[in-house]
Each structure stands twice: as structure tokens, then as C-alpha cells.
Ligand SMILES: Cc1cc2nc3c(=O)[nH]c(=O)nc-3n(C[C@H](O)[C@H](O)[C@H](O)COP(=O)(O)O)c2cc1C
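Encoded as C-alpha cells, the following chain is the form predicted on its own, with no partner shown.
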Amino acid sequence: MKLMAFNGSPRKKWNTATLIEHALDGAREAGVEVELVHLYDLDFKGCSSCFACKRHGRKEIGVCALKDELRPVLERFKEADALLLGTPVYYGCESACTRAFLERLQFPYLNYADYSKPHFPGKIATGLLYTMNIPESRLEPLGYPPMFERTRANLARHFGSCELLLSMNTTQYSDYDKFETGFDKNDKARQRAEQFPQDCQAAKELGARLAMGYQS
């Protein structure tokens, strides 16, 4: 049994990556193998609109034709039993690298002949994790929930299910005195000390549920 996790943040030691690691700890404790892929380490692009994955008579179903560093990762994913994707929110959306990955991951499995029947063989548990520096009170005014739900629903449609976890009001800088900010550094420090550990625990529990999702 294997869970594949993808870090859509350029940072490997900050909010998104930390939450992913806690989720993987939860999965490991449940007795499953895990693999973590840092998307920013790979040289790849989003969908090229070649439609090779939609041609009649194609040799393989659910395969992206682009040959780059993401292709072998997508090949390994076909053997995974669960998926976890973590991304920061940049300009009201997933990171650019995450968006490119989602295009390449999902489009080959989209069945144009019948949207209700994806080409992905079987169903797996998936988890979607967002980190963002805004507090919960600003989610609705900024229109974030529909974006989160769109991505969650697409993953659920292609792979069978998707659970969403949000980590809000996260800390961007280790030293707020060195950078521009419209946030209170003391509030950020309090949030880091009090709320972020709770988010980490929630991520660990999510990882355990993803593991149990395909063991049950």
C-alpha cells in the first residue's frame, strides 16, 4: 500500500511542507509506504492541449503524451493507493506549479464521452491541503471557498473522494521586521505558537484517514 504526496510549494521546510510531513507521519503510523514529490524540483509544464490523451485508437488510456520530468512521476502515481496534495495560496489560487501538475494529472483521466465515468481505474482516497496567510474572516470576501471547492470536487470526480484541509493565517516570514507586511507580527507569532500545531495534528489525522480509506 502506498500514499503519494506532492508539495506544490517552492519551500521545503515551511508551512505547506511541514503539514505534508505530519500527514505522512500519520500514514506511516498506519503502516503504509509513502513517497513525497517536491513539484518545484521537477522540470515540467502544464497541459499543451495536444489532445493525444483523447484520440481514438490511442494505445493507453489516462496517459499524458508529454515527455519530461513529470512523466515518470505520473507513471508511478498509477500504482498509488492514496494521494495527498499540498499547496500555498498565491494570488487567490494554487501555486503555478500546482496548477500545472493538476492539469497533467487529471486531464488524461477526464472522459470526454462521459464525464461521470473517469478513465482512472478504480477509486482512491485523496486529500487536498491549502496554506494561506490570510485569516478565516477574509476567506469569503476574497472569494476563496469556490476555488477550494472546485479543485476538491475535480479530484473527487477523477479519483473517487477528496478531503479538504485549510491552514489559515500562517506565518510567511521568520522575521517580520525584515520584510513588507500588512499583518501584525505579534498576532502571527501567537498564531504560529497556538494554531499551527493544531493544524499539524489535523494534517497527521488526515494522513491516517487517507491510509485507512483504502485499507477498509
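Just so it is clear, the model here is predicted, and its values are computed rather than measured. Throughout, we count residues from 1 along the sequence that is shown.
In what follows, reference is made to the form predicted together with the ligand, a form of this protein that is not presented.
- Within this chain, Thr126 is remote from the site of the ligand in the predicted bound form, having no heavy atom within 4.5 Å.
- Taking non-hydrogen atoms only, Pro88 approaches the ligand to within 4.5 angstroms in the predicted bound form.
- Gln106 falls outside the set of residues with a heavy atom inside 4.5 Å of the ligand in the predicted bound form.
- Taking the partner from the other structure, the ligand in the predicted bound form has no heavy atom within 4.5 Å of any heavy atom of Thr181.
- Interface residue among Ser48, Asn154, Ser161, Gln172, judged by heavy atoms within 4.5 Å of the ligand in the predicted bound form: Gln172.
- Contacts to the ligand in the predicted bound form (heavy atom within 4.5 Å) from stretch 120 to 147: Thr131, Met132, Asn133, Ile134, Tyr144.
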